[in-house]
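This document starts with two versions of one protein chain, written out as structure tokens and named structure 1 and structure 2.
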Structure 1
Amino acid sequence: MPPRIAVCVKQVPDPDAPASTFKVDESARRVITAPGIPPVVNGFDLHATEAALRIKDAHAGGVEITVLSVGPSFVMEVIKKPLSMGADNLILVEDAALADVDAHATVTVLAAALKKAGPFDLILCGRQASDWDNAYVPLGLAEVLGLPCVTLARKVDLLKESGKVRVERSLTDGYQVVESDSPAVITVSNELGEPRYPTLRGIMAATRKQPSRWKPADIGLNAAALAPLLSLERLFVPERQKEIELIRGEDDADAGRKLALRLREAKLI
């Protein structure tokens, strides 16, 4: 049986959208979707997809790649991008009740979906999501599933002989080589390199594929399992104020001396 890899992805607001389009409904504590700007698949999750595809390219016997995502609603042209890159299957756990879940509930849903769709030899995630930047879900997922977790991967290999996973972890001054038993949860960073572009053939194939759509009840979860453990007290766009003080002098040297004195008075030097 060929190895099976699961890739967890998230649909997020486009981080490259103009800052002026970013709005927050403070009373509802929710980000307002910018009109006319579609969401995207989280960038780090595309790196995780690329890592899975490179493993598939290296295994002559084939590798099955299943992409999973959790959310209240999906834009098909967006969430199917991993399929157009070369993934085999797409599973969407989709329900309006998933609109305001916290990271713990996301972990609960993903873990239940992985158990139903599995078993998997490897679970890949992006290092973090570009909307909240918590980087909690992969770690929580490994904890709930009782699996080893290796973070910040810049290269991932599934060793054919031993069945172990070899990972090069990115460090500030180099990299670290780690081997882990399989299955394991691996978080992939952008040091892996740019994800491949979908080909026309891949786009056409993704158009024909229909995702499996599950509700929380389909994976044995009720409303109590989705109850948040984290309470969001306030969500707002911080206001920034700028003050400018002009330091003048008889000439440049005099202005420089006065600037130094003013900075010292402000205890900045």
Structure 2
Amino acid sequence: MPPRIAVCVKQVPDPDAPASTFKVDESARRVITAPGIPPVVNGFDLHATEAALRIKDAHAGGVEITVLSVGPSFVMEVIKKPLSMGADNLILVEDAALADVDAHATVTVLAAALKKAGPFDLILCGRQASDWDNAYVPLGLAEVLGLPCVTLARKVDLLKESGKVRVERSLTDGYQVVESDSPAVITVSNELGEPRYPTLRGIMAATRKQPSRWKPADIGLNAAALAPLLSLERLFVPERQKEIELIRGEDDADAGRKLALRLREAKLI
């Protein structure tokens, strides 16, 4: 049987939306989705998809890539992006009850979905989601599923002979090579390189594919399993009130000179 890879992805508000459009409803403790700006697949999850596709490219015998996502409601053109990049299947666990769940509940749901859709040789995730920046869903998944976890991959290889996973971990000052038993949970970072663009053929193929849609009940979960462990007391946009001194000159070069002199005067250089 060809290796099976699962990629976990999340639909998030576009982090590149202008800062001025970022607003919070303090009483509901929710981020208000900016009107007219569609959500995106979390950037690092596209890196994880790319890592899966590179493994597929390297395996002549084929690899099956299944993408899973958990959320309250999906925008089809958005969440199908991994399919248009070349993934094979899409499973969506979609329910209004999944709107304000925390990372613990996300782990519970993903773990149950992975069990139902499995077995998998490899589970790939982005290193963190750009909304809550928790970075612990993959580590939690590894614990709940009883698997090893290797984080921050910039390269992932599934070794044909040993069946092990070889990962280059990107660190702030260098890198590590780690070899793990499989199955394993691996988190992928942007150092992997740019995710491929969907081809026209890929987009057409994705349009025809229908995702499998599951409800929490389909994977044996009830509302109690989704209750948050921490209570969110406040959510607010921090004040940024810095007095800025703009340095002006006769032209740009003069402004550059004056900036240096001003920094000298302020004893900063």
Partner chain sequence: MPKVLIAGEVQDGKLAGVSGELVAAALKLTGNPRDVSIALACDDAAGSAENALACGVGSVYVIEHPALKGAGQGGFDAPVTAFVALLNAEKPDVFLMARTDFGYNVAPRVAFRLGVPVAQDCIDLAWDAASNAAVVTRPVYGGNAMAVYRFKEQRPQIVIVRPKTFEPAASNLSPVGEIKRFGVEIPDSHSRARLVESVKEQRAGVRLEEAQVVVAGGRGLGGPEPFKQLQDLASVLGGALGASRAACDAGWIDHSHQIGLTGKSIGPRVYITVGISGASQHMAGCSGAKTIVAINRDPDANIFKEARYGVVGDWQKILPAFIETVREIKRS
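For residue numbers, the reference is structure 1: its sequence is counted from 1. Keep in mind that this is a model prediction, so the values were computed, not measured. We call the rigid core whatever largest set of C-alpha positions still superposes within 1.5 Å between the two forms.
In this pair, the copy labelled structure 2 belongs to the form predicted together with the partner chain. Relative to the superposed core, V12 undergoes a Cα shift smaller than 2 Å between structure 1 and structure 2.
Taking 2 Å as the criterion, E243 counts as shifted between structure 1 and structure 2: its C-alpha moves by at least this amount when the rigid core is aligned.
Once the larger rigid part is held fixed by C-alpha superposition between structure 1 and structure 2, the smaller part shows a rotation of 48 degrees.
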